[in-house]
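Okay, so here's just one chain, in structure tokens, the form predicted on its own.
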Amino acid sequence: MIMEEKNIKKIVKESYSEIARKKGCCCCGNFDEEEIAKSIGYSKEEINIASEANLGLGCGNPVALANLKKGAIVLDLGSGAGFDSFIAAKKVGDTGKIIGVDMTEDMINKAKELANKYGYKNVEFRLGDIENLPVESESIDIVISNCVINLAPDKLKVFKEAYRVLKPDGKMYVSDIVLLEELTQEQRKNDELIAGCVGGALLKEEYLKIIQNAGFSYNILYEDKEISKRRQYQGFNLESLKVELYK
């Protein structure tokens, strides 16, 4: 490991705490939050559902991939201010439930405030580490994650935890940044790149191998290679990988 896990988590936590307080993306460049959301697959209707929770983060729309049904119990890994959680809450309805987990207290507080403001009764936000989820085993129908696992130092732990909490027929839908060529040691240690979803990202083949090592089978749904050139990832040779995982 290039950097100690606690240092990586400290960088990520401090960066995303600042984003939560200021309502601003760390890697949006010249784009605003709505433009970013549209460019990675959110409809205008979805953005309007939870516009205050849209902080210009993410690299896809895992809720759209998941095709959620009424009554589903959904876990949102790295839920941030609740953008995906609130969109998912509309789809699962009153008989369903969304659990958002994030390690950043400022994000959790913001998400809870917005849930109260707009009267979401089927959403719960929990402070916790996605490498050690505060969630019961085999209690979740669908896990979603949007550009978050790349921030975790131990990605195998994250996928093993997701496997643990999923019901036997459960599925996981991930949109994440993966590298198409290796970074330099200097880039791996760069705080801004770590917080910006690049410095901690894995090569695509390594990422997919970890998914298998956690016990999952998978289908690659889509690979967005344009995200590097057109948007917020500074021209690095990477892509946004959209994957369906199942036990």
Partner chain sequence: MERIKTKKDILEILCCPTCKSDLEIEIKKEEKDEIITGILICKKCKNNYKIEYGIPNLLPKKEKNDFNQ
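Positions refer to the first chain, counted from 1. Not measured: the values here are computed from a predicted model.
Below: the form predicted in complex with its partner chain, not depicted.
Interface residue remark: residue 156 is not counted as part of the site for its partner chain in the model of the complex, having no heavy atom within 4.5 Å. Although the partner is absent here, residue 91 is not a contact residue: none of its heavy atoms lies within 4.5 angstroms of its partner chain in the model of the complex. Interface residue remark: residue 173 is not counted as part of the site for its partner chain in the model of the complex, having no heavy atom within 4.5 Å.
Taking non-hydrogen atoms only, residue 123 approaches its partner chain to within 4.5 angstroms in the model of the complex. Checking 76 to 84, 173 to 181, 142 to 150, 156 to 164 against its partner chain in the model of the complex, the stretch whose residues place heavy atoms within 4.5 Å of it is 156 to 164. Within 4.5 Å of its partner chain in the model of the complex, a heavy atom is found for none of 65, 238 and 242. Residues of 104 to 122 lying near its partner chain in the model of the complex, listed in sequence order, are 108, 109, 112, 116, 120, 121, 122, the criterion being any heavy atom within 4.5 Å.
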